[in-house]
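The chain below stands alone and is given in structure tokens; this is the form predicted on its own.
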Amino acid sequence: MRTTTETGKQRWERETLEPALKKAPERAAAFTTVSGRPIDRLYTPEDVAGIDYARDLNDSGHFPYTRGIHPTGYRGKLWTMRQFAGFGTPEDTNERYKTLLRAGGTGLSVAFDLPTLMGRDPDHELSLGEVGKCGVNVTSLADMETLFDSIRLADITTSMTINSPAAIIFAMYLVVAEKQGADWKTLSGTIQNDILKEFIAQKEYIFPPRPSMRIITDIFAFCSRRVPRWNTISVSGYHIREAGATALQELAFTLRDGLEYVRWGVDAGLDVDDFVPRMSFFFNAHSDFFEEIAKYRAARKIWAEVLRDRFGAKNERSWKLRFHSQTAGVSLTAQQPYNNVVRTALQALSAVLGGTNSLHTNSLDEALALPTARAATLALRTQQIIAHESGVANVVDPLGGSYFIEKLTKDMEDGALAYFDTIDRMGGMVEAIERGFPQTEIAESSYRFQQAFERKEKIMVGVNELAAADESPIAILYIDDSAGERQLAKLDALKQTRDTDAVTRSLDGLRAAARTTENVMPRILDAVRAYATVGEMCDALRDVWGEYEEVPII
């Protein structure tokens, strides 16, 4: 008998579900997302009763942009198909870029090798065996000129995944564009420039947190005047997720990192509406299809509301969160690598349904090596098939209104705001990082997932279930040590031909600027034009600021 307080969902559970479960039990005692979030078996209007359409969702192109920042979605313009590439020498990578552009790519994304990321030249002892292995080696302006040889920077958008030496690599890009005759005011692209996620997850930092944040605010100020169309930072949740964070932690820590950059910019005297419109974000497109879509929708809403209400931003462009996404590298498997094509397609589809502004799709062989040209082209074709054959680009936010999606989106928002409160009580994200808070949270989540994987509560097809006894090897890209030898030879030749006095003067000027509050970007540009190397410029800053060593969390 129905009681007066029984809801429709409770009635369904009593009248329909319970008899069905007696006949055939479910596959598991509990169902969760890949992040471990519990999932109900059925969602109904009761789950979204507290959501107000105009306040919480609204039409696309209208605050708070939950359903998208553009009124027409992809009907007006598809997302940018930006394939991440870089290996060996600049000559090697330049050829790969031309291949991707000929295949229909609409933007370039540069992967740098470890010595470049760490601000070391090829002749440094710590660079031994690493030059050109996990990305392209760029040592000086000469290498950047080669990297973009016969590629007009005025005609493309370029994203560069670089953080500690971001100002230096960006300056090299600007000088190449200048030499090509491009107007800096028309250049469009992105530098990642997100040092907080390095301290949290990827650990490719050089300088301590506070001088590192100073460089970023210097870039904000410089670009607002000189390179106004350039995205000065891509706040990255991708690497936070790859380190083992849940979808909620990725969302919360990424957005809170972004708000920390806003706070530091404002504290440096910048107007919020002068630099925030050129901030962008970078999210991971992971394997739990609906959880990812909810994450992207919640991100837009949170960013819009916090920028308007906490920071008083007046410009709509400051409210609109723009993001790039990349399919989950951590989900790729060396076992049965062709399964990765399917994983990547589903992950890419979730990013598109969530309204990504640009997208990189991983290649099937990336669990084994850097991708071959053939595998990279197939990854690009995956995006093109979604865009032109699936029909999903014809409708704005096609899953909007789903009881499940709207409840997940609201849960994501509430969980992220709870993390904000915790971090705010610590004093901010820099202080939270210094205390090891996000690092500990991510480590614990990674451990819990590994336990679930080993108990087979989470299945990876071909790895902990449905494994194959005999697998045929696939062809992979092998980077030998010749790339390092060629880069060393070029570095030696550069040092023999450049103006040594000009290099010395420029590096002295950079050190002097670092000791004061002077914006370091003009000094870095001087050093780049003198053909100072990445290592020399980073060493000049190391002389002033030192190198950061993380305090162990016990």
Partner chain sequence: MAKKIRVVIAKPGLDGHDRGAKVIARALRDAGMEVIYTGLRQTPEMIAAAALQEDADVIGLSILSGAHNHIAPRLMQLLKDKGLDDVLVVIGGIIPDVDIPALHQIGVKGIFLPGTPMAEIIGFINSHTRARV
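Everything quoted here is computed from the prediction, not taken from an experiment. Numbering follows the first chain given and starts at 1.
One more form of this protein exists, namely the form predicted in complex with its partner chain; it is left out here, but the text below deals with it.
- Think of it this way: in the model of the complex, its partner chain has a heavy atom of just one of Asn339, Gln202, Ser280, Thr146 within 4.5 Å, and the residue is Gln202.
- Among Val176, Leu378, Leu399, Leu114, the residue placing a heavy atom within 4.5 Å of its partner chain in the model of the complex is Leu114.
- At a distance threshold of 4.5 angstroms between non-hydrogen atoms, Ala475 is out of contact with its partner chain in the model of the complex.
- Contact annotation: Lys458 falls outside 4.5 Å of its partner chain in the model of the complex, judged by heavy atom distances.
- Its partner chain is not shown here, but in the model of the complex it comes within 4.5 Å of a heavy atom of Glu550.
- With a 4.5 Å cutoff on heavy atoms, Glu125 counts as touching its partner chain in the model of the complex.
- Per the 4.5 Å heavy atom criterion, its partner chain in the model of the complex is contacted by stretch 129-137, the sole one of 293-301, 129-137, 177-185, 223-231.
- Although its partner chain is omitted here, in the model of the complex all of Glu242, Ala334 and Ser446 have a heavy atom within 4.5 Å of it.
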